[in-house]
Every structure is written in structure tokens, then in C-alpha cells.
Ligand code: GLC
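Before any questions on how it binds or moves, here is one chain, the form predicted on its own, in C-alpha cells.
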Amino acid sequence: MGNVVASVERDDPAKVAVRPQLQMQSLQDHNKKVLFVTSEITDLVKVGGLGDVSSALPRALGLRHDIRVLIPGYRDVMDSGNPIRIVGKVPGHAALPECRIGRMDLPDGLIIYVVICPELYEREGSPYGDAQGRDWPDNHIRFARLGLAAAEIAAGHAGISWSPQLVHAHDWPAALAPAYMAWRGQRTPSIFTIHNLTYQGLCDAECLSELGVPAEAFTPEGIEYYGKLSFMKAGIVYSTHLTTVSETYAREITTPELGCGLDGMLRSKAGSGLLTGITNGIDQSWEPGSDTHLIQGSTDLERDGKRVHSRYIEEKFALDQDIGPLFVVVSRLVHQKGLDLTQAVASSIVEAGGRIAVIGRGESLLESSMKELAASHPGRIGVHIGFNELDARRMFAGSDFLLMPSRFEPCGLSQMYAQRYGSLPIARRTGGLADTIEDGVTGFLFSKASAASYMEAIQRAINVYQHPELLNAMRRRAMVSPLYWQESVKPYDQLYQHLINEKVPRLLATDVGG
């Protein structure tokens, strides 16, 4: 059962050992209680950018509110070394088994509630699938259990002496939280944040009875999506307010091109002032002067630090050591990320004197084709399948340019990490990339998802590389461009205040027009 060290019926202070003070928590009168529902958090388990946001955003908002996170009790969570105390339980429902609720206090005081259900979560693999990358066939049960646990906590039915004034659910795995709350007539307001509309959490209509979903909810106006049940659509329909992770993406998802068949419903939400785009920030660990992942004594990336880290990349990826520009790819290897475009221009980059280092994992065909690309350009292109934080950070620190030709990008974090570390992103003008990169100032943008458009931006970057004064000026501008979360959470704070005070949050600065 992992690190469960005590069993109590309630979160009773008399039965709890001394715990660290929640340093982020404000004592101001407007402090509100918010339950943050997510399927991953970088501190414990991470697959992508959702984990980073789920780690950094609650901490930044913790300066203003009492934020607590609810996450499934995966094996990595249960074996993280952080003590877990049982503080409640929730009953089964339909095919959803009963489960216990554990509490984990992280060293800085962030409180994590853990949905403990070994038969659903304690497995080898990722939060979403097995070691071969195949989705778990019972994901609809696993993440409905997460959503219903959140609804039970919000209703005060989980045996916990803390209940939220607002539930903030993130992406399709948490999307049934606002739906269960609505189906049960609960009045606690909810926010549903769309991190990537493409991944919708679909299951067959036969799953309705397994999940205990009311039959009347399975309509085109409800959770029905081309004959299937859509978790994503449930979050959109039943939450009090929708947000997504950049202003441009909030507009893009109301169009047929990027609306994934939900654009009509999203246009209606936007027209009612119920869809807000709030661009992500980055956490304060992304500070080159203090980042312990970087090579000790070489964190001044405006001077020798850039070259020291480029040497590390050259050795790690068996690249030739020369004075040509160094390009990196730090990405999931999936179609969305435009890796085929990078493959199409790779030979041109090499012919222009560049070298490319790639780190990431994803679709097996893309993994294989990237390895073949490296084999055909020894010393000029290096590829490592997998991911680790240390190499990723040193790649940002040592590279000249980040390649990020995404077909769409709800927000993106890598471009901001690269900017902070003096690597100029070359990216497609879409979603959060368009919102966070100033073309020719803090990076380079191109418009069409084509090799020709991409290569034009790359050539501009190479031209800048050949003029060191201009290159260094752009690096300096890029390094101060990204906002830390503490600076970018004001719209969330405003939205929380509006919803908890039962005011409709219309006309926020980043609302999408009809």
C-alpha cells in the first residue's frame, strides 16, 4: 500500500504530527479554499506540461488562496517517500470502486490529497498507459474515479474536515469532476482548464452505466460526441467557467480548424463570456544563476556558461566540436510537434554548418525515423530517445536555437524555458508560441506548416548567428521575456474571486470575443 503511515477517520490536528507550515498560504481575508484536480504533478509524476503547470500554479496561487491538489495514487506517488496519512474515504458508485483519501504534505507545505485505489492506479507504466505506450483499457473508470472523488470532497462527503469553495479541474482526466457535481445538484462553482483539446478522453456509450452517468446527459448538448462519451465535452458543458492556456489558443479552439468538432459549443461559451485564455508562466526553478542542474560555476549564460554547456551537448550526443550554430529539440515525439518538418529541413541545417541534438520520446514511428536521421548524419545530428531533466536543462543552456515547429501548441513551455536560458526559439506562429515569442526580438516565428516556411525562419536565425552583437542582444531580450507564475496568476485570482462570490466573470482582459 506504499507509504500510508496512519489511518484516521478525519483530518484531526490532535492525531497529526508536526508538519511544515504552508509558506505560500496568505492570511489575507480574501483567501479562498480551492481544490486543484489533476492527473499529474511534476513533484511526483510527470508526463508532459500539465505536470509542470500542476506543480507551479498551485504554489503561485497559494500566496493568495488555500490551494490543495487532488491526484490519483499511482505507484510513483505512493512510493515517493512522502508520508501519506489516511484522512477520509469515498464510497463506490456504479462500477467505480470505493477508495480512501490520503493526505501528503510536501516539504514546502503544499498539501496533496491522494485517491488511494490500488487496483486502479498502482501499476507499472505511465499515468495513462502501460510500458509499451498502450492506453489502459479502463482509463474511463480510473479517471471517472478521480472526478467523482473531487465531487465528494466538494460536497463534504469524504470525511475530510476541509471542503473547497471552488473546484479547478484540469484537462480530460479531471473533466468529470464538474459533471458529477452538476449531476448531483452541487452548488460549488468549478473551473475547467483545457490544456490540449485534441485529447478528449473518449469511451463507448456502453460506459454510461459503468460510470453512473445519467442517461439524459448523453445528448449532443451534453456529453455525447459522435456516438461516444467525451470526458472533455463533459468538462466544457458542466463547468461554471472555462479557461485555456493562452489567449491565442482560446481563439483558435473556437474555429473549425482547431476546435476538434467542439468549436460551435466553444464559440457559444466565448460569446457568453465563459471562456478565458490565460497564458502559462514558468516556475522559479528556471533561473540560470541558481539552477542546480547546470554545470557548477558556469551559470552565466551571457558569458562562458553558454559554451561550457554546448560542450556538454557535443559530448553527450557525439556531435562535432566546431563554431557552427547548435540547434536542439526537446519535445514529445508526436505528430502535433511537427517533427516531420524538422526531419525535412535537417539536411539543409547541416549543409549550413549547423548541428542538431534531439531528446524526447513518443510515437514509435517518429522515434525510429529520428534515430535513422541521426545515423545518416553522424557527428552532425544526435538523438536520444527518452527524457531526463538534467540533460533537457543543459540543452536549453548550451544551445543557440530551439526548434519547435508545432502544428498547434495550446501554450508550450519549452520555448519559455529556452528563452530564459538564452536559446532563441524557432517556432510556428500558433497558440501560446505566438503569444510568448516576439518575432526577430526574442525568437523567430513562421506561419505555414511547411518546410519552406520553416526553413525561411531558420535561415533568418542563422543570419543572426553570424552577427554576434545582434545575437547577444536577442539573447538578452529573450532571457527577461518569460513571466514567472507569481507574475502571471492575477487573471486566475480575479476569476476565483468572481466565481466564489457568485459573480459571472465577464469582460476579463483575456476573454475571447464571440
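One-based numbering along the sequence shown. This structure is a prediction, so every number in the text was calculated from the model and none was measured.
This protein has a second form, the form predicted together with ligand GLC, left out of what is shown; the following refers to that one.
- Of the candidate stretches 455-463, 49-57, 64-72, 475-483, only 49-57 has residues with heavy atoms within 4.5 Å of ligand GLC in the model of the complex.
- In the model of the complex, no heavy atom of residue 178 sits within 4.5 Å of ligand GLC.
- Although the partner is absent here, residue 285 sits far enough away that none of its heavy atoms falls within 4.5 Å of ligand GLC in the model of the complex.
- Put simply, residue 410 is close to ligand GLC in the model of the complex: some heavy atom of it is within 4.5 Å.
- When ligand GLC is considered in the model of the complex, residue 195 lines it closely, a heavy atom lying within 4.5 Å.
- Each of 245, 332 and 336 places at least one heavy atom within 4.5 Å of ligand GLC in the model of the complex.
- For the options 254, 436, 200, 280, the one in contact with ligand GLC in the model of the complex, meaning a heavy atom within 4.5 Å, is 280.
- Within 4.5 angstroms of ligand GLC in the model of the complex, the stretch 213-243 places no non-hydrogen atom at all.
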